[in-house]
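Next up: a single chain in structure tokens, the form predicted on its own.
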């Protein structure tokens, strides 16, 4: 079995930077449970897609063996800095670049010092793999790619891992409902900004828990439109593509707000 674990996780830095804030504790607890599951799965690499690494010309893949530095989030800089030190599975990433071209998607490698790693990648890798046990294959979110293209890319990447006889964990990094508070709030009172967003989020998560992927497919378009979902929910497309379109349920390890938006830590049963 090539894919040994799959997770949907938020990319907001707020819970990581202020883990004791009450409304964000469920997400931190959820990350901790997901991290234990990931460690138990022992993948050879993590296939990670973050909505916050945005590309416009090509599908970009990180191929620098080690990337490290100190990141300051462009929106939440007042909450603190984000150090990172990531190992990259270069062999698998290079295979994904070649594989992208084979399925008709223009792709390029990224390999230079001090490349600006995005917040979502840093948050997910830090909280899912705090000891840095597993190398990453990091794919960009091309803004011109739709959901089906994103699924094809993830499926191709999983096939590349299979060809190299590697076990992988598939991780989609992004949020749920996207209504952000535009005014300053007391973070101890954070909540999902709109009741209708909360209702939509819970409906989607319940369908995941039931493993009702077909029902989820039918309502995703309305969900994206009505709840202003982060990047059209392409991080979920990445997961579905990577796992071959099937899962038998999911466990929601944590759900809550991130300054009005919705966020969840979800583990899929494969």
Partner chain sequence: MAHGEILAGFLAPHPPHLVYGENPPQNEPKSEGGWEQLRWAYERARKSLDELKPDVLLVHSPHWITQVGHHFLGVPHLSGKSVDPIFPNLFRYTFSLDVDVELAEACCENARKRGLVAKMMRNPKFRVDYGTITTLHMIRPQWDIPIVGISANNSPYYLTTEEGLDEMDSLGKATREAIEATGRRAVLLASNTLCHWHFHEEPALPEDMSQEHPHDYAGYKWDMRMIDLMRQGKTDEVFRLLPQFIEEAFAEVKSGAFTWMFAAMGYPQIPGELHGYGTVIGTGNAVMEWNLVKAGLAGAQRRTAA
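Residue numbers count along the first chain shown, from 1. What you see is a predicted model, and the numbers here were worked out from it, not measured in a lab.
Same protein, other form: the form predicted together with its partner chain, not shown, and the subject of what follows.
Of the candidate stretches 130-138, 180-188, 89-97, 150-158, only 180-188 has residues with heavy atoms within 4.5 Å of its partner chain in the model of the complex. The three residues 211, 267 and 270 each lack any heavy atom within 4.5 Å of its partner chain in the model of the complex. The closest non-hydrogen atom of residue 38 lies beyond 4.5 Å of its partner chain in the model of the complex. Residue contact check for residue 101: none of its heavy atoms lie within 4.5 Å of its partner chain in the model of the complex. A residue is said to contact a partner when one of its heavy atoms sits within 4.5 Å of a partner heavy atom; residue 164 fails this definition for its partner chain in the model of the complex, lying far away.
For the chain shown alone, residue 116 is a contact residue for its partner chain in the model of the complex, at least one non-hydrogen atom being within 4.5 angstroms. Of the candidates 243, 231, 60, 216, 60 is the one whose heavy atoms come within 4.5 Å of its partner chain in the model of the complex; the others do not. Using a 4.5 Å cut-off on any heavy atom, the one residue of 240-270 that reaches its partner chain in the model of the complex is 259.
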